[in-house]
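Below you will find one chain, with nothing else, as C-alpha cells; this is the form predicted alone, and questions on how it binds or moves follow later.
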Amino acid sequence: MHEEPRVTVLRLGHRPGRDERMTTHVGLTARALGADGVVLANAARNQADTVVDITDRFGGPFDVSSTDEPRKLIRDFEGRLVHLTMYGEPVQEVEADVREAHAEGPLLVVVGAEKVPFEVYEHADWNVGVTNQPHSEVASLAVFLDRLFEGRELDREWDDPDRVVVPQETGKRVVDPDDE
C-alpha cells in the first residue's frame, strides 16, 4: 500500500503571553485535520507539551517538535512549501495544484503569528489566502487542510487512543476504547 507523503505544519513565530492558546490550537488543528506533525518555533515549547498530551490521550501518530531555527527549516525543507496568508492566492484557485504536488512529495505548511519575514513569501511555492480578509490562522489552517485532503481527514481512525469521543446528538460521551 502506498503511503501518502507527509504534511508538516510550521507555526512560525510565537508571542509569549499573547499566543499560547492560538499556538496550541494550531497544533491541535493540524493533528485533528490530517497533518502528520507540527513544528513550533522558538518560545512555544510549553504548547508542544499540550499537543503531545492530547496525542497521547486521543491517539496518533502525530509528531510534535520545536526549532530555534525556523528560517533554516524553511530554507532546507525537501518538498514544497505552502504559506498561509491573507495576502495570498485564493485557496480555491490553487488547491488542485497543491494537492497534485502533495501526491509527489512532502508539504511544509507555514502558519505565522506575528509579521512574517518577506523571505517566507519568497521561499513559498504557494502563498495561499483563505479569503483575503483578516481572521484566525487556525481557521485558515483548518480550511486549507480540509481542501487538501478533500474531507478524508474527517474519517481518520487513530492508533492506540486512551480515550475515544463517541458522537451523539446531545451530551458528551468519552470512553476507554478497551471498554467498548
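Throughout, we count residues from 1 along the sequence that is shown. All values derive from a computational prediction rather than experimental measurement.
Absent from the display: the form predicted in complex with a small molecule. The rest refers to it.
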Contacting member of 148, 51, 39, 111, with respect to the small molecule in the model of the complex [4.5 Å, heavy atom] | 111
Please check if residue 70 has a heavy atom lying within 4.5 Å of any heavy atom of the small molecule in the model of the complex.
-> no
Residue contact check: residue 121 to the small molecule in the model of the complex, 4.5 Å heavy atom = yes
Touches the small molecule in the model of the complex: residue 116 (any heavy atom, 4.5 Å) | yes
Using a 4.5 Å heavy atom cut-off, state whether residue 84 contacts the small molecule in the model of the complex.
-> yes
Exactly one stretch in 149-157, 54-62, 126-134, 31-39 has heavy atoms within 4.5 Å of the small molecule in the model of the complex; which is it?
-> 126-134
